[in-house]
Ligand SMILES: C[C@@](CO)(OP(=O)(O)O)[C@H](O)COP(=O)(O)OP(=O)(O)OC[C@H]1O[C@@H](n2ccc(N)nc2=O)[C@H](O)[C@@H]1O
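Here's a solo chain for you in structure tokens, the form predicted alone.
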Amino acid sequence: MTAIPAHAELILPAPAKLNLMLHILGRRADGYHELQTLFQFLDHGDELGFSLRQDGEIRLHTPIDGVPHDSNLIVRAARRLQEASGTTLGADIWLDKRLPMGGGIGGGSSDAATTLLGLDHLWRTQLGEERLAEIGLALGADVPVFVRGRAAFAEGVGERLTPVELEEPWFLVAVPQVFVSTAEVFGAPELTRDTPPIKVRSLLAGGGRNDCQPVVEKRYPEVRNALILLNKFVSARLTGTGACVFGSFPNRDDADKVARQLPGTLPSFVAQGRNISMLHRRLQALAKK
């Protein structure tokens, strides 16, 4: 993996997220699903480095296995921002990839959002959060929540966001070594698609589940086994369409204690849930300089 060089002009985090619940209300005429979900960020994620180029080129110096350069969401986000802003500037970009692909914790979407916000800062395009979220939505349904950087109740395909104030517990996130296909899960005939809508107030009182979990457990034994294991210690749940599963703890020590009891074949990490993403906290600190 290409490390981020010391000469990068701007280094920013791309945080992970959890779907604390995910309800599927129905399928729309365009094939997308109407859903309700609760997003919270984690203080854990990828990191991106950016440097200006004067020639308008976008160069991602970190190859990702199986993803052609021009198909990478980072490159696509940078080019969308160029088109929307009319800038003639380009960028060199480096990625320190820590989040798993196909994990349900937002790796690619978060990288795209960090690219939009990072280059908006570096190029001084000043398009504003609203416009950047619009550009983000064209790249993926989860990109806007990372652009906005606040824990949120999401509706529609995930683009209608209501900010929420949640507890900020510590999470143990286990990472089954399997790539879960979101398209396969949402295309599964047995997927529940008629959950009644829930009000954000009742949700914050502790309601909710993940409608994708039964489908993923049935089709991916690695995920099922991870849930069985984690459930011995804490109430465990799938995030998004997986593969990652998580449980929450009141403090770091309790989460670390359980992490140490997981087998070496099931990688995991411990991170605190946050209502303001670490990307936004970093940008706020830069704005004060």
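As the structure is a computational prediction, the values presented were derived from the model and not from experiment. Numbers follow the displayed sequence, beginning with 1.
Not on display, but discussed next: the form predicted together with the named molecule.
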The named molecule overlaid from its position in the predicted bound form: site open or blocked at 2.4 Å backbone/C-beta
open
Taking heavy atoms and a 4.5 Å cut-off, does I198 contact the named molecule in the predicted bound form?
no
The named molecule contact in the predicted bound form: G247, any heavy atom under 4.5 Å
no
I'd like to check something about G90: if you look in the predicted bound form, is any of its heavy atoms closer than or equal to 4.5 Å to a heavy atom of the named molecule?
no
Could you confirm whether G264 comes within 4.5 Å of the named molecule in the predicted bound form, counting heavy atoms only?
no
Tell me, out of P169, P214, G208, G140, which residue has a non-hydrogen atom within 4.5 angstroms of the named molecule in the predicted bound form.
G140
The unique member of A188, L161, V157, L127 whose heavy atoms fall within 4.5 Å of the named molecule in the predicted bound form:
V157
I need the one stretch from 30-38, 252-260, 49-57, 219-227 whose residues put non-hydrogen atoms within 4.5 angstroms of the named molecule in the predicted bound form.
30-38
Within 247-271, which residues come within 4.5 Å of the named molecule in the predicted bound form, counting heavy atoms only?
none
